[in-house]
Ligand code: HEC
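Only one chain is shown below, in structure tokens, and it's the form predicted on its own.
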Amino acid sequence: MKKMTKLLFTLGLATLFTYTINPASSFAIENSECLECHSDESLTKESTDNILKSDITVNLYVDEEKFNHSVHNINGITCVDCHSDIEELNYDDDLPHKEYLESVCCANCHEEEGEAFKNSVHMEILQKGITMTCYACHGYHYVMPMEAALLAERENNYCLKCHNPYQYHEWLPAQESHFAFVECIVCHAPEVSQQIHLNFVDLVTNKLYQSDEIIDILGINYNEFMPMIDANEDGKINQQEFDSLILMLRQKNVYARFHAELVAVLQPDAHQVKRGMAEKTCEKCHMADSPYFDAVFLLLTHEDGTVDHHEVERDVLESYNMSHFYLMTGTRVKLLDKIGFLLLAGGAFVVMAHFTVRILTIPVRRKRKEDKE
């Protein structure tokens, strides 16, 4: 009993010594502590930290539900990981931390993105007195996972906050189609890898299905999707397997078509948008062996934000199951080519047959004419 008491006493002293030497690591500040104040929608502060150096009211409210779905929270990043100058909270004061905190430097974690951004046109506008920060595009506390996001979500979160594409693309034919199916970065940072993303759409209702809805409709879990679809077990979805998936959904009263979008892979170089480097060569897309269509994926997003990339063979883009995704020469629907060829061949055959019959019946027609005379 004395040995046990001595052991507990020693452990207690060791713990107390650890707390004394390194209190910050001993009493980690939890997000819930920050949200005790910052979940108050009326929480604001007065500031002059803006371009015009005028008095403004800054909203300090953080929506906990939206923050919980952010990419940082999903990856276990806490408030004080970014606001690292908050080392402890003192609840005896009206404000438990110092009033003015240092600006968050995203490049502390995102080093490669920071280096790429230094060489971008957005960094150059600093010379004009405009402060362009990471959170000008990405926001503060609600940075959402964009890997599997629809093109509209990506562009509304980034480019379209500042840019109106219709003011700068007078030279571009079929503007509506380009803006609807091709992400800005694909052309404006052409060195970045591109992918085609396929999304489930109901042909009858025009409803865009979320990944969890498709999984529920099929009555499986995420891990069972590829084993069910990939009949030849080569790790890719070919045209026949793709058609089988559509048939499975049709048996569940979902008349599926697929909405395809050409998007950039989210990698550090995507931040290196430079003036004058945009791709304006139409042939890069509009040719039979265009590299823009080498990577085709059907993406399924889990509830925790992680994404399954299921590779699809390029031939699927030539299927009539693609909704409004057709690039002249680049993704020709071969079935339509065959139908067109048959129509042309049929027309030519009718003309030639008519011409041949006319020639063969010349004697008969002459005799009839002579008999009439």
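Counting begins at 1, following the sequence as shown. Worth saying up front: this structure is predicted, and the values here are computed from it rather than measured.
The same protein also has a form predicted in complex with heme C (HEC), omitted here; what follows describes it.
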From F200, F242, F117, F297: within 4.5 Å of heme C (HEC) in the model of the complex by heavy atoms is F117
The one residue among I214, A256, M226, C187 placing a heavy atom within 4.5 Å of heme C (HEC) in the model of the complex is C187
Answer among 234 to 242, 247 to 255, 200 to 208, 69 to 77 for heavy atoms within 4.5 Å of heme C (HEC) in the model of the complex: the stretch 69 to 77
Do heavy atoms from each of Q267, V273 and C282 fall within 4.5 Å of heme C (HEC) in the model of the complex? yes
In the model of the complex, is there a heavy atom of heme C (HEC) that lies within 4.5 Å of any heavy atom of E99, even though the partner is absent here? yes
*asked:* Would you classify P173 as touching heme C (HEC) in the model of the complex, given a 4.5 Å non-hydrogen atom cut-off?
replied: yes
| field | Partner contact for H178 in the model of the complex: heme C (HEC), 4.5 angstroms, heavy atom | value | yes
message = Can you tell me if A288 lies within 4.5 angstroms of heme C (HEC) in the model of the complex, counting non-hydrogen atoms only?
response = no
Contacts from 193 to 216 to heme C (HEC) in the model of the complex (any heavy atom within 4.5 Å), listed N to C, are none
